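One chain is shown next in structure tokens, namely the form predicted on its own.
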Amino acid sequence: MKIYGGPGTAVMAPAAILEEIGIGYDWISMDMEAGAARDPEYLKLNSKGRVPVLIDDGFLLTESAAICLHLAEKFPQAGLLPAPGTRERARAYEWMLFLSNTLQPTLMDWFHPDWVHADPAAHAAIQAQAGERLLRHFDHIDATLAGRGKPYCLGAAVSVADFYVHMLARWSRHQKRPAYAWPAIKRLTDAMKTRPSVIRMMARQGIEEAAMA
């Protein structure tokens, strides 16, 4: 296994899952601020110019959520997905699609309003609107978690979705009201921070514990 990505980017969840599975992998750290994702050699791997990229025995896969699901399905012994065809499995898909299709793009709008509109005069409004949507998304996640009375997305057991929540919650840490301000989300992310796989991923990517507040 080989995985490409910048420290703290969308490579966090799949890298933590690789650690959770316990399989050896090569971590290719990329300097995103220096434009590594636009490097011609990298674009040969992923013409979208995004991270991460996983190479699994010659099979190249992009998109963080897709990589997470691929790894969880390939290594069922890790127990990160319920059995195929069950309602619990469908619930895991529901979580992953909401996180990757709704929450993650909203975070990206907040971080990069210039990707939405080229006019700098529009950026403050775009970021403000994204911020309001984030509050609603975090409300939804927190209420869903609290309503189930269990610490993780699918209940008492860790699943692939919890690694994704941990990653996206960390991305919100510099906002006026980060995801950690919601009690059920904080309970989940606090539990994830203590997992040896997450600790190893953070250390390997050089992400300081203090930055996880």
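All of these numbers come straight from a predicted model, not from anything done at the bench. In this text, residue numbers run from 1 along the sequence as written.
The next section is about a form of this same protein that is not shown, the form predicted together with a small molecule.
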Residue contact check: residue 10 to the small molecule in the model of the complex, 4.5 Å heavy atom: yes
In the model of the complex, residue 38 touching the small molecule (heavy atom, 4.5 Å): yes
Partner proximity in the model of the complex: residue 50 to the small molecule, non-hydrogen atom cutoff 4.5 Å: yes
Can any non-hydrogen atom of residue 152 be found within 4.5 angstroms of the small molecule in the model of the complex? no
Given that the partner is absent here, state which listed stretch (51-59, 155-163, 141-149, 180-188) has heavy atoms within 4.5 Å of the small molecule in the model of the complex. 51-59
With the partner omitted here, the residue among 97, 135, 128, 108 that in the model of the complex has a heavy atom within 4.5 Å of the small molecule is 108
